[in-house]
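Before any questions on how it binds or moves, here is one chain, the form predicted on its own, in structure tokens.
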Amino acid sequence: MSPNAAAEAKPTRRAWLSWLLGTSLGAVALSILYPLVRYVLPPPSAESQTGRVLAGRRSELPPGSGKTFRFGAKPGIVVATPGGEIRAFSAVCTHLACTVQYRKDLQHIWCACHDGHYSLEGVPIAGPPPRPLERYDVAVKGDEIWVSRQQG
């Protein structure tokens, strides 16, 4: 082996410092980006194990009003129609998954994101929603309103 070949195979101080600086900058970049990515991406959340939740109290829901509630990892909406019937739906708009709300002035369910309107049956009546809201079963026991997924 010639002396030149041995000198070329041996790493120089400059190459070693360049490698050290490059890996240090990469480590700093990862230590900044990792927490940002973890912050932006939501943690996975489980669905309701019981399949039945207490949505509210009948005394809190006069005719012609609505209220949102948590149904596992997603919001739900319970509505008392002007006739006094209690209905419950998923509060996730079928257009782009925004949360819907009951509008007393319009007397129907409304999505603020893109001005989607649903009847009190959960059926789209105006705007971009392509499908009806998922309907839930409602059981009123005393003053409590219990909501569960529809069977079948």
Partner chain sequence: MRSARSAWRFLDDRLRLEPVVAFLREKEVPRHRLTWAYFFGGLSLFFLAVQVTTGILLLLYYRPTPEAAYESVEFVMTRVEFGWLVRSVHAWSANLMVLSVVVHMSSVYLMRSYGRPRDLTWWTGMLLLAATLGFGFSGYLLPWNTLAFFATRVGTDMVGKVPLVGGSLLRVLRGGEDVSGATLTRFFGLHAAVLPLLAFVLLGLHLLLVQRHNVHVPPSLREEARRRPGIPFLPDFTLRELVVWLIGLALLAALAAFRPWELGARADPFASAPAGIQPEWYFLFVFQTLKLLPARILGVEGELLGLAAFGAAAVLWFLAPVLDRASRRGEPSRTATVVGLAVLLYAAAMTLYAALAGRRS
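Rigid core here is just the name for the largest C-alpha set that superposes within 1.5 Å across the two forms. Residue numbers count along the first chain shown, from 1. All figures in this text were calculated on a predicted structure; none of them were measured in a lab.
Just so you know, the form predicted together with the partner chain exists too; it's not on screen, but the next bit is about it.
In the predicted complex, the partner chain sits within 4.5 Å of a heavy atom of G127. Using a 4.5 Å cutoff between non-hydrogen atoms, S119 does not count as a contact of the partner chain in the predicted complex.
Taking the partner from the other structure, the partner chain in the predicted complex has no heavy atom within 4.5 Å of any heavy atom of S65. Mapping the unseen interface onto this chain, V123 falls outside it, with no heavy atom inside 4.5 Å of the partner chain in the predicted complex.
When contacts are defined as a non-hydrogen atom within 4.5 Å, none of H108, V138 and W146 contacts the partner chain in the predicted complex. Using a 4.5 Å cut-off on any heavy atom, the residues of 104-118 that reach the partner chain in the predicted complex are, in sequence order, W110, A112, C113, H114, D115. Relative to the superposed rigid core, A97 undergoes a CA displacement smaller than 2 Å between the shown form and the other one.
Core-superposed comparison between the shown form and the other one: the C-alpha position of L106 differs by less than 2 Å.
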